[in-house]
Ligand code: ATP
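A single chain, nothing else alongside it, follows as structure tokens in the form predicted on its own.
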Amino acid sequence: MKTRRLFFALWPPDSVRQSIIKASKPSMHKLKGRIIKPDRLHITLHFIGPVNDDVRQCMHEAALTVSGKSFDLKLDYLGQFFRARILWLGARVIPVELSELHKDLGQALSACGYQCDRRPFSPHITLMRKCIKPVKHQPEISIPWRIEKFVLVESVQDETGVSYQVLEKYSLK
């Protein structure tokens, strides 16, 4: 049976993507690593992994039941996961609506057999992988992002690498 590799995410509009690129470019220029393509920038809410079409449909229906509120997120912190060698952009202040969206979506997806990651939710946008140098100075970054929806995304592997395809969009109030 064919499976799809899925995740739920916050998907920035092009204007936010361009601001992310512009703000992070000076820092990334000083570091060595593999820069993430702009069209792949996102915040993962829940990584699902490979599922068949029946589970995908269950998850879509579960996501439709989530009635989160829209909110403002300010991306203003450049951080690193040193063990994983990842450079990321996040927020110093996590809006309560984002935490609630993560929790409510996870609970809804549990009806489809999904088990939430036990680690604390750490919302971030991966900017660079295999980053071997630490960021020495915190740059001044302040990127406003109005979050009005979340999406279901498929990660597709082909001969050119991995691409992301948004399958569904879910509006927030």
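Note that residue numbering begins at 1 and tracks the sequence as displayed. Treat the numbers as computed from the prediction; the structure is a model and nothing was measured.
Below, we refer to the form predicted together with adenosine-5'-triphosphate (ATP), which is not included among the displayed structures.
Would you mind picking the one in R146, H137, K30, R119 that has a heavy atom within 4.5 Å of adenosine-5'-triphosphate (ATP) in the predicted bound form? So the residue touching adenosine-5'-triphosphate (ATP) in the predicted bound form, by this definition, is R119.
Which pick from K69, K133, R40, H60 sits with a heavy atom within 4.5 Å of adenosine-5'-triphosphate (ATP) in the predicted bound form? Only one option qualifies, and that one is R40.
Using a 4.5 Å heavy atom cut-off, which stretch among 32-40, 51-59, 138-146, 102-110 contacts adenosine-5'-triphosphate (ATP) in the predicted bound form? Of the options given, it is 32-40.
Give a yes or no on whether each residue among I20, Q80 and R92 has a heavy atom within 4.5 Å of adenosine-5'-triphosphate (ATP) in the predicted bound form. Checking in the predicted bound form: none of I20, Q80 and R92 is within 4.5 Å of adenosine-5'-triphosphate (ATP).
Does any part of F7 reach within 4.5 Å of adenosine-5'-triphosphate (ATP) in the predicted bound form? Heavy atoms only, please. Yes, F7 lies within 4.5 Å of adenosine-5'-triphosphate (ATP) in the predicted bound form.
For 136-173: residues with a non-hydrogen atom within 4.5 angstroms of adenosine-5'-triphosphate (ATP) in the predicted bound form? If the 4.5 Å heavy-atom criterion is applied to adenosine-5'-triphosphate (ATP) in the predicted bound form, 136-173 yields S155, V162, Y164.
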